[in-house]
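Have a look below at one chain only, the form predicted on its own, in structure tokens format.
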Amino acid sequence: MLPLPTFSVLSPRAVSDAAQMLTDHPQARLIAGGTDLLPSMKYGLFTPPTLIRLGGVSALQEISVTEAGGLRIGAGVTLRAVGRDVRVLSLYPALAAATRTIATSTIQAMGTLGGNLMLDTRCAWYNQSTFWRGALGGCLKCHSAPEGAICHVAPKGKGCYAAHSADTAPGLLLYDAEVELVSTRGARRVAVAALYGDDGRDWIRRAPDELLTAVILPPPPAGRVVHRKLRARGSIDYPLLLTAAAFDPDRGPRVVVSSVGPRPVELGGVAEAWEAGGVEAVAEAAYKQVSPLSTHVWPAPWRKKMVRVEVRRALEAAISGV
């Protein structure tokens, strides 16, 4: 049994209160569902002295239609609620599908959309107990203390290559969604595509005193967006590969892949590949661009081969739905 470290809990009732608490307690961490943070604390990955519980902030738990005709989804809305909302199902089916592939139904009932977008990057060398990591000389990524000097995934590299595993991010990127970040200094919007960094230790591009309050979706695109998740089992597991594909008859295809590096990546050259050879050419272009590393226990060469397969399947589904 892995015990939790000692910590105190603050319970704000408004977004402004939460922002102030985060400013006053710079070492605190935000907690909503807690489905990822609490296990990570048991593993010794984080040892925050204070948790700021967002469950009592009702403003974070609302879904509303924007003036532009899109949706504003509070960061505290549960994954289950997002996946069952009739507006999400009708206008953004790939987002609804993504929420249903996350972990288990119990996790979906507890975890939140904001929590999923802020999900820590993962690695077979990092997401282990303190004892396990210590046997290897520690992990470069571990936040509680600089345990090691190298990344076990890429020992000759200079950074951390832990993989981004948030199921909802690739589809939201193709929907051109934005997130709202709030601090005591005010609020700002950031495109989901610009939210993530290139190093697994510093994967979120936000100030330490900012909290994610909402996801803002523009009116849905003309074509269809499709979400696919490759994993060992049909539930529970984190992704071995995430793929989202969109097809607009006028603009052609777009493809995003994730769980192969610290951030989701929209592939380049997709339009040119489409013009040159259709679906197969796009799948081949994806295969050439994407190189999964050994962040998972499953072999990286097999995961690379599955990039071609998953991109083809996602794009075919997006085209057939137009």
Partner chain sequence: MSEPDSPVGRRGGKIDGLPKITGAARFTDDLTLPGMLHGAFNRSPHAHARILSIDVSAALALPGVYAVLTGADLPTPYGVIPVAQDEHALAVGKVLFIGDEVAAVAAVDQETARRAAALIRVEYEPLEGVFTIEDALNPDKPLLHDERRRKGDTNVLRRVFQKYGDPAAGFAEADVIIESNYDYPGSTHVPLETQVALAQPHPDGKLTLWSSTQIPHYLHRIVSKVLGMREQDVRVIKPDVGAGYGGKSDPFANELCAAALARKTGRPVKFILDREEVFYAHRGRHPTRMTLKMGVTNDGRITAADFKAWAAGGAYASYGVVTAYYFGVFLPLPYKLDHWQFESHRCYTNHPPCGPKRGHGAIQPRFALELHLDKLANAIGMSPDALRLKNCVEPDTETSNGLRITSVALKECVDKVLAASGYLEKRGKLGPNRGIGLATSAYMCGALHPIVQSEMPQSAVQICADRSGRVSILSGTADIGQGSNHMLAAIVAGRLGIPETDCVVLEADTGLTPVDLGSYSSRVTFFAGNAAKMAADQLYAVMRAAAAEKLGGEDVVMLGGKVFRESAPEKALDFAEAVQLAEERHGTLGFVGHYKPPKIGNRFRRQSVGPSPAYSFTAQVAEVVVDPETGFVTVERIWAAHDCGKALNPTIVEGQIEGCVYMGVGEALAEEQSYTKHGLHRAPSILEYKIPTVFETPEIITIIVESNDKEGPFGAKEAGEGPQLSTVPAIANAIFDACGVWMNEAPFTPDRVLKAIERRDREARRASFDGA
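Residue numbers count along the first chain shown, from 1. What you see is a predicted model; the values in this text were computed from it and never measured.
This next part talks about the form predicted together with its partner chain, which is not shown.
Student: Of 156, 189, 185, 233, which one comes within 4.5 Å of its partner chain in the predicted bound form, counting heavy atoms only?
Tutor: Result of the distance check: 233.
Student: Could you spot which one of 122, 80, 224, 72 gets a heavy atom to within 4.5 Å of its partner chain in the predicted bound form?
Tutor: Result of the distance check: 122.
Student: At the 4.5 Å heavy atom threshold, is residue 199 in contact with its partner chain in the predicted bound form?
Tutor: Because no heavy atom of residue 199 falls inside 4.5 Å of its partner chain in the predicted bound form, the answer is no.
Student: So, in the predicted bound form, is residue 8 in contact with its partner chain at a 4.5 angstroms heavy atom limit?
Tutor: Answer no; every heavy atom of residue 8 is more than 4.5 Å from its partner chain in the predicted bound form.
Student: Given that its partner chain is not shown alongside this chain, does residue 305 nevertheless sit within 4.5 Å of it in the predicted bound form, heavy atom to heavy atom?
Tutor: Although its partner chain is absent here, residue 305 would touch it in the predicted bound form, with heavy atoms inside 4.5 Å.
Student: Looking in the predicted bound form, any heavy atom of residue 43 within 4.5 Å of its partner chain?
Tutor: Contact check for residue 43: yes, within 4.5 Å of its partner chain in the predicted bound form.
Student: Just one of 157-165, 133-141, 211-219, 170-178 has heavy atoms within 4.5 Å of its partner chain in the predicted bound form; which?
Tutor: Only one stretch passes the 4.5 Å heavy-atom test: 133-141.
Student: Could you list which residues of 1-26 come within 4.5 Å of its partner chain in the predicted bound form, counting heavy atoms only?
Tutor: If the 4.5 Å heavy-atom criterion is applied to its partner chain in the predicted bound form, 1-26 yields 1, 2, 3, 4, 6.
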